[in-house]
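In structure tokens, the next block holds one chain alone, the form predicted alone.
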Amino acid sequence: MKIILSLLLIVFSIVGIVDSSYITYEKFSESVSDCGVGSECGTVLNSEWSNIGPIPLSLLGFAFYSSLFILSILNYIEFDLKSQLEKVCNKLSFKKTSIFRQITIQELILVATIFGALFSGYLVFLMVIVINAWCKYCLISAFTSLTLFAISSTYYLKYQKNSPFLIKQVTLSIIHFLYVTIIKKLFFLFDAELIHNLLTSTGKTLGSNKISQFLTTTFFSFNHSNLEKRIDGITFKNPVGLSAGFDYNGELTGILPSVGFGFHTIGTVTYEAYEGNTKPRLGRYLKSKSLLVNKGFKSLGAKVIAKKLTGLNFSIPTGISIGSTNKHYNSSEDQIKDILKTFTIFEKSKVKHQYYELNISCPNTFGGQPFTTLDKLKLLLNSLEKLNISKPIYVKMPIDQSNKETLLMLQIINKYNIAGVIFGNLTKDKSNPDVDPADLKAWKLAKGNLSGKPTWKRSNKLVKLTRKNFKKRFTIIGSGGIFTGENAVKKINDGADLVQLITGMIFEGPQVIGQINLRLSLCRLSTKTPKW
């Protein structure tokens, strides 16, 4: 098996060399033309995307495949790179801890093929979305790159220790680099809501196909048995979830498990359909690492969403976030009745969701946050209690209230059959020191409130406050400002049982979920008594 895999690396490297050589020849001879029925090689290879500066991508491809060919030959003859580099290091008096002494041929091949597969995927994306034309030679190269990645990862998994962790670390790091340096810059040139809708439709398509689900899992997801948690009768494969506010209408149930999420909240869902507040509803504040959000419970309505979700088998715990329809109410009782209607619809439905979120803290709806006042909160929870809801309920809390106000709210929630709390929602505090002055100036002229890093510190303090005062009474879900694995570790160690994010994924890339889970898994492996 080892010899076969080694030979396959050599063979497909040669395929790549031949393919890239031919394209390079065509480029330099200026004889590129369309290459058969259904292909438009000339359009692709003469486009502005076919070069990096003066250098054709095909020439870089030739260098890539040639390098892989040399490495594959060295791997086949079992050339001991580590031993040879050790001798060089000793001659040059390098320290024994030099990174060069850790390198093997297999690791170099793995890193190269991961990069090649990801870059080929990016080029295919350009052909489909930007250039809108196909080149069969480019597709041959993409297939060759993916095949080389599959062979090298199979080889490494079979013959190297701790390979799953290293493969994922390298893969996710490369995706992160490509996202931050190329893809995010491209996305951020366009309207935020336009890109959100594009990503939602793309995710829906990817989630409807087993092959695309498998490929997404291969490149983005990380799972380990030590991440699994059972909370409130629900088994979470990992503690990282997608917050409500991204998948308004349940379009992404098929793809989110493949991206690596351990749970997923749909909504916020309202009884009546609502198109959303007046545009613009989304904006980006790069310096503050924040999103300006003013969607105002954009929803297709409870009946439509329940019908859409009926019959679906969710592979990760999926919850329904519920709030009141964004409109004027004559009284608090009428607003509560609206909320209860949505709960009733989902309770009577055959949707296989496993929990509810009660969203009382959105600052972008008509009338603000009425149920954060104590008397109205009591009235809502009294009415909700009478429904005898069959699944755990988590209350999504505001974060701008004082510690005293928060504790008073928690004392009321404590009296009811509420499983947990989520800290928290958007910040509307324009004195927040974590908002960059330039962003603050723009924010004061815009409608909406902020997610991301401006919510980080306050969210953590409220998680700590709740854990300290209520011990294990509440399941605590930490949401706000999570961009890295270290951020997730911090929030969990402050007292959160689970964590959620949206903004971190938008700024850092969809691979960040896998990076967070990898960090949490390694953290658990490295300590005998982790705090989560």
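Note that residue numbering follows the sequence shown and begins at 1. Owing to the predicted nature of the structure, the values given are computational and were not obtained by experimental measurement.
Only in words, not in the display: the form predicted together with a small molecule, which the text now covers.
Task: Site test, Leu282, Leu291 and Asn425 vs the small molecule in the model of the complex, non-hydrogen atom cutoff 4.5 Å - done: Yes, because Leu282, Leu291 and Asn425 each have a heavy atom that approaches the small molecule to within 4.5 Å in the model of the complex.
- [ ] Quick one: find which of 477-485, 40-48, 59-67, 460-468 has residues within 4.5 Å of the small molecule in the model of the complex by heavy atom distance.
- [x] Of the options, only 477-485 has residues within 4.5 Å of the partner.
Task: 4.5 Å heavy atom contact, Ile502 and the small molecule in the model of the complex - done: Result yes; Ile502 sits at the interface with the small molecule in the model of the complex.
Open item on the list: Residue-level question: is Ser145 within 4.5 Å of the small molecule in the model of the complex, judged on heavy atoms?
Closed with: Flag for Ser145 set to no.
TODO: Would you please decide whether Asn359 lies within 4.5 angstroms of the small molecule in the model of the complex, comparing each non-hydrogen atom pair?
DONE: It does: once the small molecule is placed as it appears in the model of the complex, Asn359 has a heavy atom within 4.5 Å of it.
Task: Heavy atom of Pro257 within 4.5 Å of the small molecule in the model of the complex - done: Pro257: no, not in contact with the small molecule in the model of the complex.
Task: Among the candidates Ser120, Gln335, Thr318, Thr268, the residue which, in the model of the complex, approaches the small molecule to within 4.5 Å (heavy atoms) - done: Comparing distances to the small molecule in the model of the complex, the residue within 4.5 Å is Thr268.
Open item on the list: Please identify the residue among Asn75, Thr171, Ser141, Thr455 with any heavy atom within 4.5 Å of the small molecule in the model of the complex.
Closed with: So the residue touching the small molecule in the model of the complex, by this definition, is Thr455.
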